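Just one chain is shown here, as C-alpha cells, and it is the form predicted on its own.
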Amino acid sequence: MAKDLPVDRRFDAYQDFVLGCKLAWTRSLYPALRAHYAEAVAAADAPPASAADVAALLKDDPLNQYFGWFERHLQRMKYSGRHGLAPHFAAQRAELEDELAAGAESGILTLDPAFEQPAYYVAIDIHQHPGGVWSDEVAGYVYERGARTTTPLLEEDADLHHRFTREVMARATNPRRLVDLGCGFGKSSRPFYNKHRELDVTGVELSAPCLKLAARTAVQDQARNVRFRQADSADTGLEAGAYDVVTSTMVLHEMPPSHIERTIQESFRLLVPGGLSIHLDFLTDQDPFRRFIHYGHSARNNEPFMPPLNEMDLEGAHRRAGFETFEVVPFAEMPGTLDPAFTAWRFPWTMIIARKPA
C-alpha cells in the first residue's frame, strides 16, 4: 500500500482488502472445509452427532485450524489494525462529535444520564470492537462501518433490513406503532420510518453513542415519525399494551438466556391484544457441522451467547410470557441464500414470530 496515499484512501484500501479476504474465507475456504469434513466423516468409525463431535474430529486438521485463525484475525484487523475502524474514527473525534450534536439536540432522542449498563453487556468487547459499542462517543460510527461487512449496503430489493421490514409489515395487522428493540445505530429502524411514514417508530438501545448516530441519521432523513430511547430491551419503560409490533434484529444472540426470557416478557407486555412479536436472529439447525461452525464463530467473534440462544426452549419462553402462537421461519438475507445450491458461509438467519392473544 503506497505510503503517500491520503489517509482516507489508505483506510478504504485497507478495509477493502480485509473485506476481500473475508469474502474469500466465506466463498472458498468454507466450502473447502465442508468438503474436507465430509471426507473425514467417511473415514471415521461413526458420524459426528454434535458440534463437540465435529470439533474432536477436526481438532488437529490444518485446514480447520487455518479457517478459524483466518476469521479471528480478519476481525481483529478490521477493528484494530493499522488502518482499523477504531483508530480511524478516533482520529476524527472532534468533527464526529459535532455531527452527533444535531441528533442529540433534535428532540427525538431520550438519553438517561444515570443509565447503568447490564453487567453482561460490558464484560466483553463484542465483535472484537475495542471497548464495545457503548464506551466511546464515536463507537456508533465504528459499529456502523463495521456492520457493512455483515449486512452490506445493497440495492433495496436485496438489502437485509428492507427485506425484513417487508416481512414484518406483511404479517402485521394495520400497524400504527412499532418498537424496535436493540436498534443500534438505527439501521434496522430506518426502513420502517422511511418507507412507512404513517407508522410511529420507537427505537430502544443500550448504547448512547449508537443512539446519537441513529438520531443524527433520522434528522438527515427529515423523519417525523421516529423516536429513540436509551433503555434495556428487558425493561423499556414504555407504555404497556400500546404497540402493534415489537421487533429486533440481531439482538437476542447478544444476551444471556435470562435476559432473552425477560425481553420476550417485555415484548408481550408492550403489545396490544393481537399484536405481533418478531425477532430476527441466528438459529442453526441440528446439522453437527453447521452447529460447529456457528459455535466456533461465536468464540472467535466474542459473542458468547450464540450457543445458549441456539439451545434455548424459545417456544416455551414465549408460551410462559403469554404468547398464543409461535413459529420459527428461515429468512433469506439476500436473494438465493436459502437455495440448497448456495454453498458460501452465511449466518443462519431466522425469524422468531409470536402473536399476543386477541
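What you see is a predicted model, and the numbers here were worked out from it, not measured in a lab. Note that residue numbering follows the sequence shown and begins at 1.
The next section is about a form of this same protein that is not shown, the form predicted in complex with a small molecule.
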query	finding
Contact check for A52, D287 and R290 against the small molecule in the predicted complex, heavy atom at 4.5 Å	no
Contact test in the predicted complex: D159 vs the small molecule, heavy atoms, 4.5 Å	no
The small molecule contact in the predicted complex: C183, any heavy atom under 4.5 Å	yes
Residue contact check: E266 to the small molecule in the predicted complex, 4.5 Å heavy atom	no
Contact test in the predicted complex: S188 vs the small molecule, heavy atoms, 4.5 Å	yes
Partner-proximal stretch of 244-252, 104-112, 190-198, 218-226 relative to the small molecule in the predicted complex, 4.5 angstroms, heavy atom	244-252
The unique member of E167, D136, D232, E261 whose heavy atoms fall within 4.5 Å of the small molecule in the predicted complex	D232
The unique member of M77, L100, V272, L206 whose heavy atoms fall within 4.5 Å of the small molecule in the predicted complex	L206
